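Just the one chain here, the form predicted on its own, laid out as structure tokens.
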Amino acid sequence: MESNRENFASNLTAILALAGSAIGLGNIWRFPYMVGEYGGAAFIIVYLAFSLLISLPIMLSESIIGRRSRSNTFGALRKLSKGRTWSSLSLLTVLSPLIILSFYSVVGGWSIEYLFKAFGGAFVNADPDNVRAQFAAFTSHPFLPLVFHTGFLLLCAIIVILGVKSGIEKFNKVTMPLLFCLIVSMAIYSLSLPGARAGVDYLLKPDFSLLTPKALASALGQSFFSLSLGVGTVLTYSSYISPKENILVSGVGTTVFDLLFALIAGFAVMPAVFAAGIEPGAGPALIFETVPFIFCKMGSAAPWISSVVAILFFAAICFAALSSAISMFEVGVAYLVEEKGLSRRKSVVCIFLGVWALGALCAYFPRLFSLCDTLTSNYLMMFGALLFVVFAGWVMKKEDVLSEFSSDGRYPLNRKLSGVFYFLLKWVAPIAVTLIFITNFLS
């Protein structure tokens, strides 16, 4: 089985794939809102610190487990622990990304519908009430949300069924650079708008009084959500990284890509929101109920401008959603292929049907949508992150962890750096995740 396993072609393609998994809708709508809600630049400082000191070690622990085992999340813990307890617990990390994918694909379907609307000029000369009415009419339609949810999942299935090299790798090699170009173009245009300064202040004006325990928990939770930690996507993708590649470079490169994209996305969305005189909102509503009105304001003098910018924006949304969704899809597929002996094609079909059914319910029952979101974001992701970091820090041998960290000595590390990394992985990260988990449970 292992000899036939595909690998990413290089460290760069591995970073692009991992960045594709990390960069998603959360970077575009969730991060900018939370920055303004919890202290502006103060939140960004905490977010950066948590990402580098806690999330990065957790990400590297997943990478170490994945590449060391050359297996899916269930098989990885079974192989490296030689027992059933850890592998049984890891089944939750197989289930968790599929639950996320079920409601994520609903929002992904919305992004495809809005890309079509942008091509059709639906936002030209529309007022705020009209834009909100369009969103309400679409989400309450008897079958359109289901159609686009299905279409989004089909795109994911087609990419995943092609395999690691021909599907996942090629998709991310094309879309990741394009996605960055799109979001940078949006940020430049957004910052040039009259009144954009208020949006910049919203993002960067520090207010340390807003850094409550809830804000700290939200900062770490956003870092987890953004980097796709605790759901097996990093572990699964890392199992496709060649032993010859530098896993530290892959982890740091992915984290930097994700942080940079989140910051740029903030400057693409919030200055435009304030320039249009719109109050920023949380969640997908910011994208689908308020942002389209911005395009109308942009095109008041030349309607074609609003159409072009809207197309670019929703194309970026679609690419970001797909790149994250295929990584979650692959977790389940890898499990079925390697643990149940199914072909990749049959595994894709099984995952598609299961996710489609739950997603179809989420599309029409908002409470179920919210329940799945809360369950995964606040509990299952935290549990998975704690599981992986404790496994790497306390179950695996220290020499095996550091050997994988240095790629079996191919990239020898400073002794102090290795010591700092192991201390963060063994002590700091587990304690931090436990505290945040308790905070989420009590809040």
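In this text the structure is predicted, and so the values were computed from the model without any measurement. A residue's number is simply how far along the shown sequence it sits, counting from 1.
This protein has a second form, the form predicted together with a small molecule, left out of what is shown; the following refers to that one.
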property	result
S327, S190, N172, T93 - the one with a heavy atom within 4.5 Å of the small molecule in the model of the complex	S327
Among the candidates V106, V348, A272, I100, the residue which, in the model of the complex, approaches the small molecule to within 4.5 Å (heavy atoms)	I100
Region of this chain that lies against the small molecule in the model of the complex, out of 74-82, 241-249, 141-149, 319-327 [heavy atom, 4.5 Å]	319-327
Site test, A268, S307 and F313 vs the small molecule in the model of the complex, non-hydrogen atom cutoff 4.5 Å	no
G36: touches the small molecule in the model of the complex, heavy atom cutoff 4.5 angstroms	no
Contact test in the model of the complex: L424 vs the small molecule, heavy atoms, 4.5 Å	no
N27: touches the small molecule in the model of the complex, heavy atom cutoff 4.5 angstroms	yes
Non-hydrogen atom contact L16 with the small molecule in the model of the complex at 4.5 angstroms	no
